[in-house]
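A lone chain, given as structure tokens: the form predicted alone.
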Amino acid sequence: MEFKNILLSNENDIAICQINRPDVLNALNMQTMSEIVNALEISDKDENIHAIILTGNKKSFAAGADIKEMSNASSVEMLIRDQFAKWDKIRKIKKPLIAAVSGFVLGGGMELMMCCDIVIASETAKFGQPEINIGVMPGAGGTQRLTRAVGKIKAMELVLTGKIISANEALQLGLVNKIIPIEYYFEEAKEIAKEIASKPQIAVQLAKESILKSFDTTIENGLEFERKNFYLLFSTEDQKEGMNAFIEKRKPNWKGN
């Protein structure tokens, strides 16, 4: 598949999806989001890919939605367009999704980052949901994912003021995993992707699925879901290999089944 606004490449068992609209700070128009989702789904179905990195460039991960594309739309047009339906597909990606972010991570860019499983940020990254400053509010999950990540009080502050926060504050709030110097943040994301890609893949995917389930249900239902996934792994060859390797004090040889 040919892409216009992103670059998709593979490095061994890692897929790298790079947003590539530098002239507009990687603003997320509908075509770009379609291409991102398509690239993620392609990588998710590729048996040779075990982890996916989503990134932009040093100046901007994504500076928000493409305002020109929606500025004159009516409510009915936005409803029919249903542009956020594409975002729902990202949640269904089974393989681990690592965001490597730098520069502007604003509006839709921050919402896209929060769809990922692990976030590595450069020290220059700036985060925010500034939609209130143009007369709207977050619409791609910002009010929901941000609140779950940082709590009601801080989410209210960020969304209602539209303030921009630094990488250090984002780390303190639990929005990112690590802050890395700008020269090395992408390499750090690759190292984490490589580490996860080296693990037994069915176990990785079921563990990710179980963590995401915790946001959708009660603790009782979540525990039941986790337990079933745990039991299910005992039908895999990798479970037998992993436990036997532990007992025999050797390195396991994962086969992905």
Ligand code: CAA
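Each residue number is its position in the shown sequence, starting from 1. From a predicted model like this one, the values you see are computed outputs, not experimental measurements.
What comes next is about the form predicted in complex with ligand CAA, which is not displayed.
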In the predicted complex, does Gly64 have a heavy atom within 4.5 Å of ligand CAA?
-> yes
Any of the heavy atoms of Met156 lying within 4.5 Å of ligand CAA in the predicted complex?
-> no
4.5 Å heavy atom contact, Ala149 and ligand CAA in the predicted complex | no
Interface membership of Lys228, ligand CAA in the predicted complex, 4.5 Å heavy atom rule = no
Have a look at 127-135, 91-99, 113-121, 171-179 and name the one stretch with heavy atoms inside 4.5 Å of ligand CAA in the predicted complex.
-> 127-135
Any chance Asp23, Gly107 and Gly139 all have a heavy atom within 4.5 Å of ligand CAA in the predicted complex?
-> yes
None of Leu223, Met70, Leu232, Ile211 but one has a heavy atom within 4.5 Å of ligand CAA in the predicted complex; the exception is Met70
